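Single chain ahead, by itself, as structure tokens, in the form predicted on its own.
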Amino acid sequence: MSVLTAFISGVTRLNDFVGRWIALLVFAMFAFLLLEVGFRYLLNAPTAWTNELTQMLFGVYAVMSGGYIMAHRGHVNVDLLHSKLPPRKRAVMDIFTSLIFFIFTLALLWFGIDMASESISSWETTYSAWNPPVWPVKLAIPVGTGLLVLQGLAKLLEDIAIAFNLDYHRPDQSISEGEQS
């Protein structure tokens, strides 16, 4: 196994692992919202923290799932032309469009690191009645974006291998256990 194949497989496995754990937050969000409904309507005693905690968990869920979604090709494509192309031409098109992806994600990573470091340095809170720390949520932005950038790099390397018919990677190697049927 070449270094590039190991990198592609390693990044994909990392994002798969993180994505599967982050997906479990859905159950926590469901439980907190159900708890809020129960307290509010059955006991007439609404909580001050469940809605805010659910929003914070959803924010972490959203930013941390990007790499997983990209690893499993779940992001939205405009398939009018893309799906009709043979794999090599599709890979060439993806190489060119990856420039837009990297401009956006690297800017998000840059500003996310700045925002998270400011939030951590001041131990920022939400200033609500519950007043929880918000810096862990803001820290998830550069971490999740970093995972997305790594998966984007892995995809770019795959596309280069497909477009130029290189032997360091074969697309069938990147199929995860969950996609095999």
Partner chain sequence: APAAAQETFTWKVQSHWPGASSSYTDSLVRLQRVLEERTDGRLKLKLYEAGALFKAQETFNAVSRGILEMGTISPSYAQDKVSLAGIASGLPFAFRNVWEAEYFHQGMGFEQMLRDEAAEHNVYWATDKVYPTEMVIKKPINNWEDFTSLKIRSSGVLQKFLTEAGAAASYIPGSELYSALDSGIVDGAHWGAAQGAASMALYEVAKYHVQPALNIAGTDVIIVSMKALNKLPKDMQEIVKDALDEQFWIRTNEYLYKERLTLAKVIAEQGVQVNVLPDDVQDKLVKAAQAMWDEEGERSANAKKALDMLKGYLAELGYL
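For clarity, a rigid core is taken as the largest C-alpha set superposing within 1.5 Å between two forms. Every value quoted in this text rests on a predicted model; they were computed, and no experiment measured them. Numbering follows the first chain given and starts at 1.
From this point on, the text means the form predicted together with its partner chain, which you will not see here.
Looking at residue 156, you'd find every heavy atom of it more than 4.5 angstroms from its partner chain in the predicted complex. Along 25-42, residues 36, 40 each place a heavy atom within 4.5 Å of its partner chain in the predicted complex.
Comparing the forms between the shown form and the other one, the C-alpha position of residue 41 differs by 2 angstroms or more, with the core used for superposition.
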